[in-house]
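Read the single chain below, which is given as structure tokens and is the form predicted alone.
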């Protein structure tokens, strides 16, 4: 799972951070930092709650298989072509 960050929509409410400060990182002014967020399996509930708490809908939850299997998971294992 990943959280897609729409920085242009962020108004600095910091509600996402209040839900999950270890997942959502803010700049000094309280706005979410740019770049999508890869969420570890044990943190998915908190990440979803944080994304849903955004009144500006600046955070989008992506549960597609590509999000679950990030680039590291798609690398061939040793011995595979």
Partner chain sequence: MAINPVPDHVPPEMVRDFSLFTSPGMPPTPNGDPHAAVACAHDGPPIFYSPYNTQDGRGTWVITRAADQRKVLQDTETFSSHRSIFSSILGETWPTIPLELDPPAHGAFRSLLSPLLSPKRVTALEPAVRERAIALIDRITASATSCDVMKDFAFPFTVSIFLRFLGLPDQGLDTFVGWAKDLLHGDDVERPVAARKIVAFIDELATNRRKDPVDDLMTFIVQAQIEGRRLTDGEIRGIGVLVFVAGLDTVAAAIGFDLAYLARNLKDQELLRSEPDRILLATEELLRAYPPIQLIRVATKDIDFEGAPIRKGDYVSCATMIANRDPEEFESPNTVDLAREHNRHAAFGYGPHRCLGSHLARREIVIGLEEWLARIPTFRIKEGTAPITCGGHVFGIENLILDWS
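Numbering follows the first chain given and starts at 1. From a predicted model like this one, the values you see are computed outputs, not experimental measurements.
Absent from the display: the form predicted in complex with the partner chain. The rest refers to it.
- Among heavy atoms of residue 42, none comes within 4.5 Å of the partner chain in the predicted complex.
- Residue contact check for residue 38: none of its heavy atoms lie within 4.5 Å of the partner chain in the predicted complex.
- For residue 20, no non-hydrogen atom is located within 4.5 Å of the partner chain in the predicted complex, even though that partner is not displayed.
- Using a 4.5 angstroms threshold between heavy atoms, residue 34 stays clear of the partner chain in the predicted complex.
- Although the partner chain is not shown here, in the predicted complex the stretch 22 to 46 places heavy atoms of 26, 28, 29, 30, 31 within 4.5 Å of it, in sequence order.
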